[in-house]
Ligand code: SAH
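Given next, in structure tokens, is a single chain: the form predicted alone.
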Amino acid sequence: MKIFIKTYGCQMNERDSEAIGAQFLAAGHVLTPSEDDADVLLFNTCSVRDAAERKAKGKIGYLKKLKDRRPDVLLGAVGCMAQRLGDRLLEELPHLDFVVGTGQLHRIVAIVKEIAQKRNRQSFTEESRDVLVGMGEHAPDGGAFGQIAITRGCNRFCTYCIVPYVRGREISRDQRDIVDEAKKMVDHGVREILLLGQNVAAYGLNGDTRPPADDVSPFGELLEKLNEIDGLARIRYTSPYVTYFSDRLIEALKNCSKVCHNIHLPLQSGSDRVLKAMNRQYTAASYLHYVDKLRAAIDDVTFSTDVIVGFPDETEEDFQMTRDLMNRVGYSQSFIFKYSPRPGAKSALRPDSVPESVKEERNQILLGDLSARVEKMLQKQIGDTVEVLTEGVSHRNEARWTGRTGTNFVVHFEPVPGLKVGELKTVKIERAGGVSLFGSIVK
């Protein structure tokens, strides 16, 4: 069979789609980029944001025309939206053949085979601790950049979030399994690995939501093991929860030469009152405590973050606290979201009290702060030499190549003869744009 896969949502969904595709390839099927050419169309869906869910539903709804023309083609929804809605999706979209939730993705090949044989519409949304089995599959020769899911699910239960309900409770993979997967990827040419999880820093702690002891960090131990792999150039990870940065983990981050010095550290709000309403189990002061510890240990560390504006009953004072804290930390990248209630999340029971115009105004203020801050950061790097991992030809200018520093700044440069994707090069920065740097390879 020819399989078409379309992905919506986060990096975890992208990784799941990669593993799904690899499972089909291993079973002798073929992946195709064409909807019209496919025997099975799979839509890996997101449910964390309303826009992503509406986009996926709209796309599947539009494919009724394809189903009318080709009644034998199979249409399937998988992933978070599939997990949340289950049978309701089959009711809403009568031409949809099957629904597979996040707990059954490891069985996707067998499920599609069953649906193809029986032609009976079904949903498969049972939770399973075996979900990580088979989800470490990779398509051969996938390029220089790879992703590994080290945990699945979440135990934090932030009031605005439905991840624990659509991805289940937190489970961690065996360390040896992860290291073996990383070695196989490196053998196939991967140079940089991104470790994925709803809370990667909680890896190996058996779902414990309490801050670990200072001398405890299974995640730090995993980083040390991965750091020893010959041929691997860089290790990135996302996203950790701030209270898991024990002394043991910070020491590993400091000493592992391949671990990048950019940390995505979700904040969500700088107001203690709002943080409590979100069930974010830290204060603004304790968040800054961890930032300061990381800065003291790692000289060139940079931070990125997630922030929500317009959470129910967020006042102007609450917002100003968020703005002040963001400027105090000095993030090099920020993902700023306007609050929207998600069905099933605890905060959805509260009135969405902040007007949309106010949310938009606050969003634009933070984006303006970010733009001004990043411009200054980039200007300060003119004249520096930085190590860049090459990513290939620039999307904006085919005469240049693009790469990233270990601190996650984008650098554009003219290629040298024989340059390959995934090489570490030293680049001297000659000028700065609004969001990226420009330079020349010196070695």
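The numbering used is simple: start at 1 and walk along the sequence shown. Every value quoted in this text rests on a predicted model; they were computed, and no experiment measured them.
One more form of this protein, predicted together with the ligand, exists but is not displayed; see below.
- Using a 4.5 Å cutoff between non-hydrogen atoms, R49 counts as a contact of the ligand in the predicted bound form.
- In the predicted bound form, M321 stays away from the ligand, with no heavy atom inside 4.5 Å.
- Shown alone here, Q122 lies farther than 4.5 Å from the ligand in the predicted bound form, counting heavy atoms only.
- Contact annotation: R342 falls within 4.5 Å of the ligand in the predicted bound form, judged by heavy atom distances.
- Comment: the ligand is not present in this chain, but in the predicted bound form one of L89, C161, I171, L223 has a heavy atom within 4.5 Å of it, namely C161.
- A heavy atom within 4.5 Å of the ligand in the predicted bound form is found for exactly one of S271, S239, T302, S334: S239.
- Taken together, the three residues Q198, I308 and K338 all come within 4.5 Å of the ligand in the predicted bound form, as judged by their closest heavy atom.
- Picking from 349 to 357, 113 to 121, 153 to 161, 285 to 293 the stretch near the ligand in the predicted bound form, with a 4.5 Å limit on heavy atoms, gives 153 to 161.
- In the predicted bound form, the ligand lies within 4.5 angstroms of at least one heavy atom of each of the following residues of 257 to 295: P266, Q268, R280, in sequence order.
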